[in-house]
Every structure is written in structure tokens, then in C-alpha cells.
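One chain is shown next in C-alpha cells, namely the form predicted alone.
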């Protein structure tokens, strides 16, 4: 709305214009009616002031019902406009596009760690291509944080023990601030970072050059390696005699639980099944899985979830169900 204003941050995402339009509509309405009320108040003070000491007030009659309908109906209509407009913006901001590139964000006192689709990582820096929808799956390794990028009008709580999601599509090349908008300790003010929005070809060249985050995979084992090293293959086999649920193709499906309930196998369900396997027992299986709480870091849990997401049913065209998943294409590429 005001790209060069020192008061408002720049508009650098597809969401920012929508949020600003709603904000200024509501702000303009509040200013207009505030001035209108003051003006009417001053008018009545002048028009109906006492002109001599023995003058007394009188009751005005007529049109009372019409007046009440008017001052009730107009605010109601405006509030409904704000409600449905706000709901439209909210649902758009809450539903990442199906083709969004998947990034993972970890909040930790007092830094932001980002994992790219190919497994490479950054700290307090985040390189993304312009014009590509980016989905963020976020969690905290200690306390509650809040991932905020004012230029994108993006703000989402990052919670320990669960995953929250957000998304954005940058529209302008440049550098933009990342803040933590939830007080998280004595060095909360230092929990900042920078998003670098680049042209797709520049982003691919930067990724190919390893950037600041080193080789793919970093120091965290891949999901396939963890799946084997933690002996998950002992029970979670792809055959019908497995002692634990078959994981091939499970992500995104409905899972029947003991007691007749069903849940969707999303990131939060898989995380809970890894760290607290007794919380939800799958129908037809015994509660024999041990907990991996305090044995895996949040990054290792994410690696396992990514591996399980890529497991395909037997006979699927994507390849073997037990093979390690291939690295996804770099966002912004045509492969």
C-alpha cells in the first residue's frame, strides 16, 4: 500500500496485498465512524445547548424505530463484510497449494534452523526462489516461538511437541527480516534471521554451489538410515506378517484405531506414534512399540517422517517401498 513508507513493511508476497487491503478497510472504517461520532456529538452539543438558566430539556419523539434499525443494521452489515473478507484471507493463508515446495523450520533458543527440500540446512538464513509457493512445517526444540516475516504478512506459532504449517509465495527479489514474535527467553530479541528471495536460476546456482550450509544431509542421518539403525524394519515390514502397521502408502490415509476411531496419518500423527506410540493403537495390532522419546532429536524425527511420507505401496510406480526416497527437485527448476 505504501512501499516507501517507514511505517509499513514492504509488500513482498501474494498474501501481503490481501492482508493490507483488509487492514486498511477496517482501519478506514474505524477512523470514519470515530470522526462521524465526534462530529455528531459536537453538533448536538451546539444545537441543543442550554441557552438560558431556566431552560429545561424536552423529549424528542418520532422515527425512533427507524433510527435504531439504521444504527444497528449498518454496523452489522459492515461487520459481516469484515468477517467474510477476513475468513477468505484466513483460509487462503492456511491452505498451502498442492505444488508448494516443502521446507522444515526448527525454532531453538535462540536461532532459526531451516531445512531445504534436498536436505541442506541453514541457520538464521533462508534462501528461496521468487514466484514459487513455499510450505513451512515448523516445530520447536524447547519453548514456544513464533515465526514472523512482516514483509510477507506471515506469522505462525512454532510449538514444542507438534507441527504447525504456514506458506508464502514471494513476489519480489530482496532480503527480508525474520523475527520471533513470542517472548522465548533472555535473548529473545536476538532470535532474528533473513530471508533471501532470489531468481529461480540464481537459487539453483546457489544450491549447486552448496551455499553456507554445506553438503546435503549435514550431520543428521537420513530417514532411511535412521529407520534401519533404530531397528524399525524388524516390525514395520511390507508383508502381511508384520508385527506392526505397514507404512508403505500410509501417509495421508485414514487409520483405524482400537475403539472404532479413525485418524488421518499426517505429520503430527506420525510424530506422536514415534514418541508416544501407546497414545493411539492401530486396530489389529498389539501395543508393543517402544517409545523413542529423548532418543531422537526433532530433526531426526523430521527425517523419519519424510522417509515414511515417501514410502509407496507395493507395486507402485514410484519404486521399491523399502528403498530410501530420492531427493526432491530443487524449487524453481523444471525437472
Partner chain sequence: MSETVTASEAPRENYLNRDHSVASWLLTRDHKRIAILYLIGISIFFALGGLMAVLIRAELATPQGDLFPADVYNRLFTMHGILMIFFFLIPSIPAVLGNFLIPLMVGAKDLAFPRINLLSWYLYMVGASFTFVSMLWGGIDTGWTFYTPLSTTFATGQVLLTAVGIFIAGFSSILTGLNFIVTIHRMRAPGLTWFRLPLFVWAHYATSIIQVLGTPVIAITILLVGAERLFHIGVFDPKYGGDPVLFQHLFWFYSHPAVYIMILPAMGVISELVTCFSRKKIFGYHFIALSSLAIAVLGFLVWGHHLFISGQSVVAGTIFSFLSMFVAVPSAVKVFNWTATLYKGSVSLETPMLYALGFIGVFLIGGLTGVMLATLGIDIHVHDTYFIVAHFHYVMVGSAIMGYLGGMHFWWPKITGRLYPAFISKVAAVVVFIGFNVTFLPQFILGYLGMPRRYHTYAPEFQTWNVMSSAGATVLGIGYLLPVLYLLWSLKYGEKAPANPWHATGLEWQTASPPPLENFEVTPVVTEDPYSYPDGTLRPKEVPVGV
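On a predicted model such as this, the values are computed, not experimentally measured, just so you know. In this text, the rigid core denotes the largest set of C-alpha atoms whose superposition between the two forms falls within 1.5 Å. Positions refer to the first chain, counted from 1.
Same protein, other form: the form predicted together with the partner chain, not shown, and the subject of what follows.
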Review point. 207, 239 and 284: each with a heavy atom within 4.5 Å of the partner chain in the model of the complex?
Key: no
Revision key, fill the gap. Given 195 to 203, 88 to 96, 250 to 258, 121 to 129, the stretch touching the partner chain in the model of the complex at heavy atoms within 4.5 Å is 88 to 96
Exercise for review: State yes or no: in the model of the complex, is some non-hydrogen atom of residue 150 no more than 4.5 angstroms from a non-hydrogen atom of the partner chain?
Suggested key: yes
Point to revise | 4.5 Å heavy atom contact, residue 243 and the partner chain in the model of the complex | key: no
Review point. Residue 233 near the partner chain in the model of the complex, any heavy atom under 4.5 Å?
Key: no
Review point. Looking at the partner-bound form in the model of the complex, is residue 225 within 4.5 Å of the partner chain by any heavy atom?
Key: no
Practice item. Sequence order please: the residues of 182 to 209 with a heavy atom within 4.5 Å of the partner chain in the model of the complex. Key: 182, 183, 184, 185, 186, 187, 188, 189, 190, 191, 192
**Study point:** C-alpha of residue 293 off by 2 Å or more between the shown form and the other one on rigid core
**Key:** no
